[in-house]
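Below, in structure tokens: the form predicted alone, a single chain.
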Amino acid sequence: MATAPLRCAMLALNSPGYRSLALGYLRAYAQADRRLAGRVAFETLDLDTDVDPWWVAWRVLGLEPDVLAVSVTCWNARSVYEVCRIVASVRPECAIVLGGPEVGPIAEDVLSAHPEVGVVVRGEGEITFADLLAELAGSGKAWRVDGITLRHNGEIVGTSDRALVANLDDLPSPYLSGVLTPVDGGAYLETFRGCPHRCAYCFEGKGYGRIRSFSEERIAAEIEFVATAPGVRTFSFIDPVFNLTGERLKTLAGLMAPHVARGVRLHTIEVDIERIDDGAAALLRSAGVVTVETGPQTIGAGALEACHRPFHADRFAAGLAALRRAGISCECDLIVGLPGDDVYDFLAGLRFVLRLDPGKVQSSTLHVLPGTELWERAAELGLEFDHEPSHEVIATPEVSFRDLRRAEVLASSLQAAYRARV
């Protein structure tokens, strides 16, 4: 008599309208693993963050999973933990596996605080997750899998770190494999992993050490698939720097050009604005870019030094002017509560970007994220922050709790007035 396959429910709570690229990679790799063929059955629930956790748990439990795998970020963590608690209460035999930037860097703490969670996947998860499922569907010796932290013999233990994927093309495409169906405005592509910058407040690229890229052939095939999908008129890239190099920008513009001619556009890609001139702006325009997102995050000398972030006001202004000449709107981001910044530094940043008239100005309060340098150095820098997600800063040596709130209110009013200008 054949053994029933292990039922694996994969859950993501996304911003409304989006689908989880992370879960797409995990499922595409696991489904292609011959060890799991016929032994593991997959079901993905791509839901929105505004769905009530009890309703999410109801959806999960309806699948009667043996394994629940969830992608966790600081934005959805509280809901995820609530879902896991409910699922474990109703179906205690279900193995709950978490992964993602919110849990990987603090895996032991997560398992200590949430007894319903059995395993945390650290770092890149595709190979690790497939290995874990192979063990769960077989011998059950999960402690032999590299790259996880788990409960073993009544203790929380971490296995050896998992090496990075050497060749990203070894990871099946979530789109080309049929795991993800592109949706208009909610589809994202990834062309490389890592980041050339090492900003102390950002998790992007942490632990990667170097930038690894998918091949041009793989990128071209994914662009073709997504851009020609029925109903897709806009999509984007999650690359932290779209204009990573001039040659790469030319390549992407060339791959996008035939689809741009049909009316397809890219929305809100992230750029290094200080490296943009009229030529680069023209390439962005030919790639179908409508809006870009960039810093400066801060212009305060103390915060720039503490966060290892370069900033050159003249080059920033020149890049923004080039984008405006090309008809591309720019979203300038600022962060209030960075170490080394006082309220006047933040307001100076607001004045700087508003004078440039970028198209959109957005500010947010610092979130001290697990795995970042600011998380590790919080005590040294005097950062008081909420240790529960989303880890918002409470006070710094330069800015009190009350002044942080005042700065947020002032920034919100200025942003609203800027949006409403005639």
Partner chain sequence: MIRFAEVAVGSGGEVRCSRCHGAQQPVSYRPTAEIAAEIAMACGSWDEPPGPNVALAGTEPFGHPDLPALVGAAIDAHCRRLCLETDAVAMRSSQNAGGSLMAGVHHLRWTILGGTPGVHDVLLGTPGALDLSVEGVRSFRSIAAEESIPVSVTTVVPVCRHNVHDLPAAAGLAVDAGADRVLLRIEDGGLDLTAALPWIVAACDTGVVNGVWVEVEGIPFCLLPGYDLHLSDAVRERAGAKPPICMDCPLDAMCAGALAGASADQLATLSPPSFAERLAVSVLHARETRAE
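Positions refer to the first chain, counted from 1. Being a predicted model, the structure only gives us computed values, none of them experimental.
In what follows, reference is made to the form predicted together with the partner chain, a form of this protein that is not presented.
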| query | finding |
| --- | --- |
| Segment assignment from 344-352, 85-93, 162-170, 243-251: heavy atom within 4.5 Å of the partner chain in the model of the complex | 344-352 |
| Residue 15, heavy atom within 4.5 angstroms of the partner chain in the model of the complex | no |
| Contact label in the model of the complex: residue 33 to the partner chain, heavy atom within 4.5 Å | no |
| Residue contact check: residue 376 to the partner chain in the model of the complex, 4.5 Å heavy atom | no |
| is_contact(residue 4, the partner chain) in the model of the complex, heavy atom dist at most 4.5 Å | no |
| 238, 259 and 264 each touching the partner chain in the model of the complex (heavy atom, 4.5 Å) | no |
| In the model of the complex, the one of 48, 357, 392, 43 near the partner chain [non-hydrogen atom within 4.5 angstroms] | 357 |
| Heavy atom contacts to the partner chain in the model of the complex at 4.5 Å, residues of 385-403 in sequence order | 402, 403 |
